[in-house]
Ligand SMILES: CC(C)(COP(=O)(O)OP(=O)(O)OC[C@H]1O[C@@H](n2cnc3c(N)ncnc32)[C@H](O)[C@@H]1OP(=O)(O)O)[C@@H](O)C(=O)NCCC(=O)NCCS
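The chain below stands alone and is given as structure tokens, in the form predicted on its own.
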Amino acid sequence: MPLVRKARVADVPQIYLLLKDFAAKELLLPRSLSDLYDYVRDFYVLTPDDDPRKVVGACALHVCWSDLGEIRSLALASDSQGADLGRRLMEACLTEARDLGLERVFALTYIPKYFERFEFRLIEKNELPQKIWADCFKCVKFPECDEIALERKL
């Protein structure tokens, strides 16, 4: 059974390559290597039980405000998809969000149906002013973002 654990600095290059593949398919926005090192503490990784140094999945919980967190960069290697392993990463992030006392989490995604499986509901991006002014404002797609916003109350 694959293991979900907090990411380590040594995992960052593999997380980068995993996310780079998804960004190339326009399934998520690209993240720079520097950005991933800055936010390594936000990430959980999924590793095979026979090779705990190999990263086959990643997902991050980023705290945006006193009551608000963001689920970011959920990705699984193609040979790890379809086995409900993404659920394990999502649950790790949601558990941490509750433990931190967050009241709600959101995601910006191109695949809203996936997040709806976890009780996320569609919202307007303007309901996330902390995100818009902290991150989105710096994005090359701003203000013409084509990601879909979803939120889950905890």
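Because the structure is predicted, anything quoted here is derived from the model rather than measured. Residues carry their position along the shown sequence, with the first being 1.
This protein has a second form, the form predicted together with the named molecule, left out of what is shown; the following refers to that one.
- At the 4.5 Å threshold, heavy atoms of Tyr44 stay clear of the named molecule in the predicted bound form, well away from it.
- Leu33 falls outside the set of residues with a heavy atom inside 4.5 Å of the named molecule in the predicted bound form.
- Put simply, Arg117 is close to the named molecule in the predicted bound form: some heavy atom of it is within 4.5 Å.
- In the predicted bound form, no heavy atom of Ala92 sits within 4.5 Å of the named molecule.
- None of Leu28, Leu128, Cys64, Val40 but one reaches within 4.5 angstroms of the named molecule in the predicted bound form through a heavy atom, and that residue is Leu28.
- Residue-level contacts in the predicted bound form: of Arg87, Lys54, Arg121, Arg98, one residue has a heavy atom within 4.5 Å of the named molecule, and it is Arg87.
- For the partner-free chain shown, nothing in 6 to 21 comes within 4.5 angstroms of the named molecule in the predicted bound form, judged by any non-hydrogen atom.
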